[in-house]
Each structure stands twice: as C-alpha cells, then as structure tokens.
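Next comes just one chain, in structure tokens: the form predicted alone.
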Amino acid sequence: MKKYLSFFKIRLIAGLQYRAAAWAGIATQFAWGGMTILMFWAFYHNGENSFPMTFPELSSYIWMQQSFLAMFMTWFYDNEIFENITSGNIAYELCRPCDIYAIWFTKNMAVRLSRMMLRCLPILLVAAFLPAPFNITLPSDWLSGVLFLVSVILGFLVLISFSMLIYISAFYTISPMGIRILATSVTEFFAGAIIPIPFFPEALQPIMYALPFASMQNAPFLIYTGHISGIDALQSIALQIFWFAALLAVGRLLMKRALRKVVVQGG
C-alpha cells in the first residue's frame, strides 16, 4: 500500500504544476457553464410546461458540474497507458513489483484530482457571488452536504473503475480509438453530463438511474441540489457502492485474463 500512496503523491504533485492550463480551463468552463445556464433560462422563461428541477437547483447542478469537470470528464483517458499496451511497453510494467491494475487506478485518480484541485475552488467562489438565480447555493441542510461528500467520492471511484475497462479493452483490439469514442458518447449521455437525467422522459428515467453511468456525476450533484434527499439519497449511494464493487471485480477479472494471454513482440 505504501508504494501506491507514494506513486499517487508523485503523480498528484506533478499534475499540480500545470497552472497555466488550469487558468485556461477555468475560463473555458465559466464560458461554457454560463452559456448552458442561459440556454436553460430561455426555456424556463418562455416555457409553458412545468420543469422537473427548479431553476436554482439546475443552476447549482451546472456550476457543480463545471467545478468538478476535471474529476468527472468522461472523455479523458491516459494516452500513455494505451501507448504502453499497443507498443509493447507493457512488458516494462509487468516487470515491476506492483499490481498493474492498482497502479493504473492510482495514476488515473491522481491525474484527475490534481486537475480538479486547481479549478474547483475558483469556479465555486465566483459562482457563489453571481446574482440569483444564476448562482450556486449551499445544500439545504448539513445532512445533504455530508451525503454529497460521500456520493462524490463513490461517483469518482465508479468512473475510474469504468475507465479501467476501456484500458483493458485495448488488449483485445488493434486500436483503442473506436471503443474510446463509443464509451465517451454513451457515458456522457447517460451520466447526465449533457442533460440532467430528471429532464428525460419519466419512462426512461428508471433505466438510466439503474445504469452505472448515473452513479458517476449525476447522483452526487442531484443530492447537492436537494433534488434527491432522504431515503432516495441513501438508495443512490447504495447503488453507487454496488456498481463500484461490480466494476472493480469485473475489471480485475478481465485484467487477469488479459495478462495471461498478452504477447509482446520485438526486441
């Protein structure tokens, strides 16, 4: 465990050095978040039908989405891992006295967290001082805040566990690009990253909530805004625990099978 913690610390510190990229990302996320909120405001202002979320809830959801974007961005994959697999440099990884699944899992956590740490606080601070109802508000009570913290950690672990399946798939394909594009598109849509799940048709929502993608960013942000509370919040957290355990078990099993058959050619 000590070696993995040391590796996590090294990768985290290395990621914190890219401050200029972080400022550029913050500006981009402010612009994107603002445009998204104004787009929904047009629907709320001119729409005749009732909406599943109040506009303050939606505004908080979008700003939380932007502040934690680096943590939950589904399109980010470590190209170095794919390169090691396709080029044969995976042989060096296998020679190290480390569990390859654990080291890749640790690396992905550190990289995402380092980017989030540089961007999260500035976005939250500015969003908090925006005029209502375009600002972000605090959770309705302390229990929602605690459940949000638990849920956001579990959602992060679910996302990393799912990403590990995409890395492992590279052992079985000539190029990982196709499955990366497909996985990103599916995850973005079903995780509520494009449109929050409460806005989908009611007949489709139970299916979407049951999938692992809703246990990523959708669950913690809905808990934060108060759209999910009480027993429903606890059920969402329980589902997150289930999907994390299931994806972790499947990932380790597939990794074990892939390493049994891996062939490295060349000198």
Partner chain sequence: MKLYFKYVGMLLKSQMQYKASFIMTALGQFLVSFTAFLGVYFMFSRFHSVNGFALSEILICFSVMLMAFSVTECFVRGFDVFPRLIQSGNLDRILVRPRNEIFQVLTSNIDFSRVGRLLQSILMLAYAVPASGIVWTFDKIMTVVFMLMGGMAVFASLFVLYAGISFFTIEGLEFMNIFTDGSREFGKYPLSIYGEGVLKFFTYVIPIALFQYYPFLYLIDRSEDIGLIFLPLLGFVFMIPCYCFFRFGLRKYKSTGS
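Residue numbers count along the first chain shown, from 1. Everything quoted here is computed from the prediction, not taken from an experiment.
The following text describes the form predicted together with its partner chain, which does not appear among the structures shown.
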Does any heavy atom of R119 come within 4.5 Å of a heavy atom of its partner chain in the predicted complex? yes
Is there a heavy atom of G25 lying 4.5 Å or less from a heavy atom of its partner chain in the predicted complex? yes
Contact flag, F40 vs its partner chain in the predicted complex, heavy atom cut 4.5 Å: yes
Does P201 reach its partner chain in the predicted complex if we count a contact as any heavy atom within 4.5 Å? yes
Among 185-193, 103-111, 159-167, 80-88, which stretch sits within 4.5 Å of its partner chain in the predicted complex, heavy atoms only? 185-193
Can you work out which of V126, C98, I179, V150 has a heavy atom no more than 4.5 Å from its partner chain in the predicted complex? I179
Judged by heavy atom distances of 4.5 Å or less, which residues of 207-221 approach its partner chain in the predicted complex? none
